[in-house]
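Structure 1 and structure 2, given next as structure tokens, are two forms of the same protein chain, each shown alone.
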Structure 1
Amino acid sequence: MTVTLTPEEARALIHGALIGAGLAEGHAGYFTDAILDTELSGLEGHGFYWLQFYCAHLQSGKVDGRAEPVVETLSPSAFRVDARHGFAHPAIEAGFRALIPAAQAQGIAAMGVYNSYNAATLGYHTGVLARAGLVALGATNSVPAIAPVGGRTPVIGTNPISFAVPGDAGKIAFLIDQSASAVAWTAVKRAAEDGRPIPPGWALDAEGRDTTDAAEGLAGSMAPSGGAKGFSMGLIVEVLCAAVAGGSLGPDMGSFTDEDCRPIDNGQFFIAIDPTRFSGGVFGDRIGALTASILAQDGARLPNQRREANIARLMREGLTLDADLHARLQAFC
């Protein structure tokens, strides 16, 4: 059975579950917006599905829902944010209040977040920067899920990276949001929960062989996107988020799902660039020409275009979720 919610009902459910589970009221707005945007974008595996873990982690004390992030100014264009074992979203929101005006004033600014948590859909955060007129690069590391090429033991996470480009009038021209793995880890986890096979090329078993058994894939390694190139991209993210930002390396993190009484304590890293300060006035025209050259081709689309179409459609149709999951989330409210 399923339940269909209007966007307003979905927002109320998300907000109510977070607050009911123990999140401070002042931290709930940005977090709620991010989860709702994820669901409306059609990324259902990353919205309501993960909300149940967020709430359970609040109740168990794995994450501190009342932690106040501390933003340290290192220079006029560099910031370090201590999430203090709380959620990533309040820490990122607090950091952006310093990062955005700094990038606009200095031309470029960066910030690292440490002692953090699952940042969920990374493109939501870079999209906030793009809507402020900034070219944005974001990264977040996670628990080990990808083995090095030629190896069998995962050492880095799916480690997504996102790049967002501003358009006209506070809009996003296009947005890239992709993991270092061929597919999101959640897709394999949900297949294992449902007892469904996975397509070849998604994961490897413990012996490093391609597998269509989701449970074997979870016990082995996610397949890197593009082979060695995907693992290399994940390494870049690991350096930015652990070595530069000061988050934990993958093997040192707490679980993203289990009640292991350990904070996740991963990291995020963001770079924001004011394109008007570097481009000599050609940025808008160049982006317009670039996107036009893509959209002029039949069947071609820009990164994020499908998500935007989903938002428009689901705002009209409403959001559908499993009735059991709906009941679990209501119980937190």
Structure 2
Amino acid sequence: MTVTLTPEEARALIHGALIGAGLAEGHAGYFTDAILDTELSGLEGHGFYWLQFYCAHLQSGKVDGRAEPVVETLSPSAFRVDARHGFAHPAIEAGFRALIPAAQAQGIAAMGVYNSYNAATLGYHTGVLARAGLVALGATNSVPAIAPVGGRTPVIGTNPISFAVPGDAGKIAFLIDQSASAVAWTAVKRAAEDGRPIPPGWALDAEGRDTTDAAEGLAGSMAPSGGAKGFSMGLIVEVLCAAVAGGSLGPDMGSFTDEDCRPIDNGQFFIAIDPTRFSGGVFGDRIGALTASILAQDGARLPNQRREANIARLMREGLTLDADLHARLQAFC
């Protein structure tokens, strides 16, 4: 059985569940917007599905819903945000209030977030910066899932990176949001649950060999996208989030799912660039020509085109979720 909610009903459910589970009122707005946007983007499993973990983690004390993030100004273009074992979203929201005007004033600015939590859909955050007219690079690290090429022990997470490009009048021209692994970890997990084999190239067993057995893959590691090049992309994220921002390294993090009292304490890093400061006036034309050269090709699309189409459709059709999940979320309200 499924339940279908209008976007406004979905917003009320998300906000109510977060507040009901113990999130401070002032921290719920940006977070609710992010979760709703994720569901509307068609990223099923990343919105409502994770919301149940967020609420359970509030109740278990894994995350502190009352923690006030502290934004430290390191220079006119550098900021450091202590999420203080609260959610990532209030910390990122608070940091962006300093980051956006700094990037506009200086041409470039950056911020690290530490003592943080699951950033959920990373592209939501970079999208906020792009809507403010900024080219944005974002990174967030996670629990180990990918072994170095040639090795067998995961040392970095699927560690997504996101890059958002502003378009005209507060719009996003396009947005990249991708993990360092060939496929999402949940794709392997679902295959294991269903007893289905996985295609070669998705995961490695505990000995570092390519496997088509999903359970062996879960016990081993995720294959990096494009081999060593994908591992390197995850390594860039790990350096920015753990070594520069001061979040924990993958192996030292708390679990993203367990309802324990141990904070995740990972990190995020964002760089915001005002393209008009650098480009001598050509930015808009160049982005227009670049996107046109892709869209002119049958079968090709811009990186976020599918998400944009989903938003338009699901705003009309409403959001459908499993009735059991809906009931669990309502119980938090």
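Numbers given to residues start at 1 and step along the sequence of structure 1. What you see is a predicted model; the values in this text were computed from it and never measured. Throughout, rigid core stands for the largest set of C-alpha atoms superposing within 1.5 Å between the two forms.
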Any idea which of the pair is the form predicted on its own?
1
Superposing on the rigid core, I want to see if Asp258 changes position between structures 1 and 2 - specifically a Cα shift of 2 Å or more.
no
Would you say Leu235 moves between structures 1 and 2, meaning its CA shifts by 2 Å or more once the core is fitted?
no
Could you tell me whether the Cα atom of Ser248 shifts by at least 2 Å between structures 1 and 2 after core superposition?
no
So with the rigid core superposed, the C-alpha of Pro200 shifts by how many Å between structures 1 and 2?
3.5
